[in-house]
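Just one chain follows, in the form predicted on its own, and it is written as structure tokens.
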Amino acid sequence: MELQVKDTIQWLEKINEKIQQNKDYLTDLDQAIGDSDHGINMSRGFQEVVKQVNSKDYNTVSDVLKDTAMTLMSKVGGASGPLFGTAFLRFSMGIKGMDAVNQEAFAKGLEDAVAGIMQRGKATIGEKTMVDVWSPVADYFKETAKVQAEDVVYTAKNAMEQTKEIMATKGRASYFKEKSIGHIDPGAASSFYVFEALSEVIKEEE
């Protein structure tokens, strides 16, 4: 795989489409174990991201992702803005200066993003958070010889669905304790749309 500026903007546009289409579903998920505003916040954030990245000319993928991060941090409320913003910011720093991003560099960017989310959220794997999707996808990119679009979406979807079985121990969902079991984590669901959109961009390259 090789991600260039135009592919990155296409990726963000596809994320936005998926978030807008599933805004109510994300809010329903958050109604069960959170503040009921995840869908609304993510919808507003990615709408602004798409406006931002389509209003400028970029030389590097890193610059696109840095603007994505800054927009999410300023437009998405609650914990999601800082967490998704940090993920894209650390990702942008990991691939800084590259015109095009190959699989090895992308894996490094993802690895840095996961470290950023963990640090910002003081979270680790298995706590029913977005880490439970980002981490296995990062591992897949690192450990696979040649990334396949269908494997990216399978890895992300499987990881998202597994959060249903976990009792939350981080964030607002942790207040629900055992009652959080049986519900998909909203941040994990949004993260799934991020990687489902990425898989569609990769598929167009295959």
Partner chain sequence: MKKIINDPNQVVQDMIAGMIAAYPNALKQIPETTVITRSEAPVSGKVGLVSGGGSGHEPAHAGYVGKGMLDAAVAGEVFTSPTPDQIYEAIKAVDGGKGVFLIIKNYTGDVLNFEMAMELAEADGIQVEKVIVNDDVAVEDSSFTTGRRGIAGTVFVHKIAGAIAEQGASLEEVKTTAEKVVNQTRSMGMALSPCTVPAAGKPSFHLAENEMEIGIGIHGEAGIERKPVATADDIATELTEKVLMDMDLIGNEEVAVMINGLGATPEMELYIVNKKVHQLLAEKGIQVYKTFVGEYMTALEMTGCSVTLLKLDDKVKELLDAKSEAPAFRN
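Positions refer to the first chain, counted from 1. All of these numbers come straight from a predicted model, not from anything done at the bench.
Absent from the display: the form predicted together with the partner chain. The rest refers to it.
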| field | Contact segment among 107 to 115, 131 to 139, 93 to 101, 76 to 84, judged by heavy atoms lying within 4.5 Å of the partner chain in the predicted complex | value | 76 to 84
| said: Can you tell me if residue 154 lies within 4.5 angstroms of the partner chain in the predicted complex, counting non-hydrogen atoms only? | reply: no
| query | Does residue 171 reach the partner chain in the predicted complex if we count a contact as any heavy atom within 4.5 Å? | reply | yes
| Would residue 40 count as touching the partner chain in the predicted complex under a 4.5 Å heavy atom rule? | yes
| query | Hey, in the predicted complex, is residue 66 touching the partner chain, heavy atoms inside 4.5 Å? | reply | no
| remark: None of 148, 54, 31, 59 but one has a heavy atom within 4.5 Å of the partner chain in the predicted complex; the exception is 31
